[in-house]
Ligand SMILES: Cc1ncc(COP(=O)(O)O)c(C=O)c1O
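Next comes just one chain, in structure tokens: the form predicted alone.
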């Protein structure tokens, strides 16, 4: 059978983007959908979803109501409301030791969009991007979507899931364009200290790379300090990604921001804002403005709560817990001793105990030996979920540990 040129053209018209058409679903969403769509999972406990269950500050809710009453629901500037960007400038100076100006701030509909739009503004097809493994899965997906080449750098548990400078240096090639870091880390909970952060800033500056810093969990640090690479000198090549979602527990409002001093990237981001979204939702920007007005009281209260939850998780899991996370609200549990792949483990755990966790394979090619626990549920549910998980793990003995119950 011969296919004519016109028929081939018709076939081509009905294809979709190669990356988005074949991108595997996140294991987190896959398992969560199973729970939400099942009548038999009413007692399921969600330890896989990174969404705090505490109440959002009433003042934020009241700010939303006031904005609707005043009908301030129209477009804002492409880069965001000036009042909000001015408040972000003040916040960056006070909390992050970053001195910048309003033109460096681009308010986005969530940090997830901030990740995608920043990568899209930085790379051309064929450019290499260094991506952490384990790491937030959207990093690699966005790079591939824009035609970039993902080069994973491994974060090892025995070195605290902190980037290895020698490994990074060895991975850099003439095609490398961007290094992505995430501190506090998802899913690792690792926090990069000031000394290592300064070395990363210097390495990327000297090698002509962009440094993209995901700081979404900046307020969730326990016994240490969050350090922003934009706080160091010589940082025009650094891009900071921030969010209100986790710190102020307003995930559904979708509001974050990108910070850069680089003139060419500023122009690219402004053009992208106009092209893709026009502006972030105005109602969410009003909520974010109110959030910053509290001077950090709500994030500090949340940090204290989650430090207690972190300690509870570590105490309850005992020998299964592994390394203490210094930040965020996640724990990686090494399940290598079970002999199961992480997706198989998570599926069996859900089937047998009605507990949802995130399979490690979601976070990178060398992370299949882990599952991720999010200690976001209220304490009673968290304890119940951990009890079920520990009982499930007790099927496989650990050398030197007898009492699994």
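Quick caveat: nothing in here was measured; it's all calculated off a predicted structure. Positions refer to the first chain, counted from 1.
Keep in mind that the form predicted in complex with the named molecule is not shown, yet the notes after this line are about it.
In the predicted complex, the named molecule lies farther than 4.5 Å from every heavy atom of residue 144.
For residue 326, no non-hydrogen atom is located within 4.5 Å of the named molecule in the predicted complex, even though that partner is not displayed. Residue contact check for residue 216: one or more of its heavy atoms lie within 4.5 Å of the named molecule in the predicted complex.
Interface membership of residue 119, defined by any non-hydrogen atom within 4.5 Å of the named molecule in the predicted complex, is ruled out.
Comparing 155 to 163, 295 to 303, 245 to 253, 70 to 78 against the named molecule in the predicted complex, the single stretch with non-hydrogen atoms within 4.5 angstroms of it is 245 to 253.
Among the residues 204, 285, 182, 104, the one placing a heavy atom within 4.5 Å of the named molecule in the predicted complex is 182. Proximity to the named molecule in the predicted complex, defined as a heavy atom within 4.5 Å, holds among 190, 331, 111, 88 only for 111.
Contacts between 64 to 87 and the named molecule, taken as any heavy atom within 4.5 Å in the predicted complex, involve no residue at all.
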